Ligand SMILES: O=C([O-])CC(=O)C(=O)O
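One chain comes next, on its own, written out as structure tokens in the form predicted alone.
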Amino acid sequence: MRIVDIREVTRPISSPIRNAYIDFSKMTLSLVAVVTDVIRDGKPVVGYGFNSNGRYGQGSLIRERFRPRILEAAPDSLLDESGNNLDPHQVWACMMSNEKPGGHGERSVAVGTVDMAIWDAVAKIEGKPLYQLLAERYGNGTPKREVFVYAAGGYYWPGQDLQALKNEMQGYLDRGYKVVKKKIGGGSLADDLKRIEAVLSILPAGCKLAVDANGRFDLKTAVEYAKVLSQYDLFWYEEAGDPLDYALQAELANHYQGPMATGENLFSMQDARNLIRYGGMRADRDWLQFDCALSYGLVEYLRTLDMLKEHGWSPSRCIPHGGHQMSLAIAAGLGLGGNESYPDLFQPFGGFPDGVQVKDSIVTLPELPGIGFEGKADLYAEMKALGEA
């Protein structure tokens, strides 16, 4: 068998929203199709992937560097021992050939996007959901199809008042979420507290709020917020400072005893390891948000999970950023703590297969081959147009 083609198209996921650091008015992503010569139901098996929001499309890198390396490689060099399926680790090594270590930048996103499509194809060729394949290869053999999800929203919208914010959050609660998230750091501390208390005022017992500063604060501001946020029983306080400022994160732990979360902007096992070594993260309460679609894909994520185990961390402390079905599959197959969800944003690339409902912040993954993209009609329409072009 062999890979016949790799196709990329850049798609807009623009929105008038902003967080504390960026707006999304010109946000894009890359959609990738990996076409194989394996035939199922009369058609070639095609694997699909896309990168998470926040890092823009990766078309140039994919088309100029990573696609040619794969297509120019000897087909047998990309196969597993059976010779009947792709080996994602071999494909990953091929993509990263002639790449220097360190300086991860945007290439980690490009590789992660193609890697997602490779895993989708591999699971489809096996005729299994990706979460089942992962549980068999790297887990305990039995996936946990019930996955915790939280609703990410609470961005700064033009003209949005407190009532509109509460209406947004109520919409998530009405759809079955028990944990919701909102942005902080995009205004004054006083204004942020009004927004926090507005959301808290509508949360029923047993529901919680998480807040996310998107790396906006210096140490002084991060600590100032920490002291005030300590009065609330928050689900977590997320990414207070620059993601690579491990000293800030470590010092913040001295001022905030509640759960903290970070990691969505760390794009390699090595950077994740530095966070664990030097960032003061606490394995008994804090959360890690590494996103495989931004950080070289699942091949690298498996290395990150091995590293975490060596440092005494459970995979159940990982709740990936991104809100995509790839991380849902990883969560179910490898026992992660859950996954982010964007109920209303970045569509059609976020969300779940059609018919999947959230109940008490839990979704049950259907038994669809691969990642399960074909179960989401609006998303699969985009993918099919690329894969069958």
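One-based numbering along the sequence shown. What you see is a predicted model; the values in this text were computed from it and never measured.
A second form of this protein, the form predicted together with this ligand, is not displayed here; the remarks below concern that form.
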Among 85-93, 106-114, 255-263, 207-215, the stretch whose residues bring a heavy atom within 4.5 Å of this ligand in the model of the complex is 207-215
Each of K178, F235 and D286 within 4.5 Å of this ligand in the model of the complex, by any heavy atom, yes or no?
no
How about H324 - does it come within 4.5 Å of this ligand in the model of the complex, if we only consider non-hydrogen atoms?
no
According to a 4.5 angstroms non-hydrogen atom cut-off, is Y56 in contact with this ligand in the model of the complex?
no
I'd like to check something about Y155: if you look in the model of the complex, is any of its heavy atoms closer than or equal to 4.5 Å to a heavy atom of this ligand?
yes
Using 4.5 Å between non-hydrogen atoms, is Y380 touching this ligand in the model of the complex?
no
Looking at this ligand in the model of the complex, which residues in 21-40 have at least one heavy atom within 4.5 Å of it?
F24
